[in-house]
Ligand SMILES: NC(=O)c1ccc[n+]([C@@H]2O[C@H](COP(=O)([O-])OP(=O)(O)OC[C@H]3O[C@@H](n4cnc5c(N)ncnc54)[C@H](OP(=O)(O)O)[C@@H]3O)[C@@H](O)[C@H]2O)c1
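Encoded as structure tokens, the following chain is the form predicted on its own, with no partner shown.
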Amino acid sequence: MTAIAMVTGASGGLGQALARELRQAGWQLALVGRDRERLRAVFNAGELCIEADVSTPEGAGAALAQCQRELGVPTALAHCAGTTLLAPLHRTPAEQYRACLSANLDSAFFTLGAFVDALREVRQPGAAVLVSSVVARIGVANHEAIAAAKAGIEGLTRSAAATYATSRIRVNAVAPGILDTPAVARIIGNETGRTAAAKQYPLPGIGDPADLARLMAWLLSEQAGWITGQVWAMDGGFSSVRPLVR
């Protein structure tokens, strides 16, 4: 029987890269996004595309339920849904802050909860990988809202991993630096911005979403079967290395 993986935020740059990686590894995919037509424009007609807003418990539950009806219970979850917000605290209106937390932290909480419920109901093991950020691990100016949301994801990862280890449900996260995706096109969309962003990292450059997708796919695989509660940084050394000044 082919294993089933659910990917949220599937039409984004990371979601697309991960879907390709999982498909090549033989997974059957349930691809979740807020716009079904966009999903169908990106992916093969034969793949299950689910339109849902997973930032609400109702939306997350509906996505899992549709996956169960049409494919079966997913044993892997890759939660790629989210947005970014670059603004200092004093220039972040309350509604923008709440929208940032909803898109990132709430969506992770509710989707992981629905996934865990489905697995526990059928007493199946499984694995989930969530997406944090380098800005949750080291202070970066003008990232207060997104840093708070992503730090919450890291706390969620560790606590859920502890809670559900006895159910053989693994929960890990990845924390990338800047990735070459449409979500950050306004930052790296011109040569000046791209060069400035690349220089921030000890290993200079912009992250490739395909590299992060390979790490996420590995964390969902049986090869990572004794790994849970971990946050894996892929940030060119940004959060842990102070390069030599030349």
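Computed from a predicted structure; not experimentally measured. Throughout, we count residues from 1 along the sequence that is shown.
There is another form of this protein, the form predicted in complex with the ligand, and it is not shown here; the text below is about that form.
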Problem set entry | Contact test in the predicted bound form: residue 167 vs the ligand, heavy atoms, 4.5 Å | no
Exercise. Does the 4.5 Å heavy atom contact test between residue 26 and the ligand in the predicted bound form come out positive?
Worked result: no
Problem set entry | Contact of residue 178 with the ligand in the predicted bound form (heavy atom, 4.5 Å) | yes
Exercise. Is there a heavy atom of residue 126 no more than 4.5 Å from a heavy atom of the ligand in the predicted bound form?
Worked result: no
Exercise. Exactly one stretch in 89-97, 75-83, 118-126, 159-167 has heavy atoms within 4.5 Å of the ligand in the predicted bound form; which is it?
Worked result: 75-83
Exercise. Going by the ligand in the predicted bound form, which residues of 129-148 come within 4.5 Å of it through any heavy atom?
Worked result: 131, 132, 133
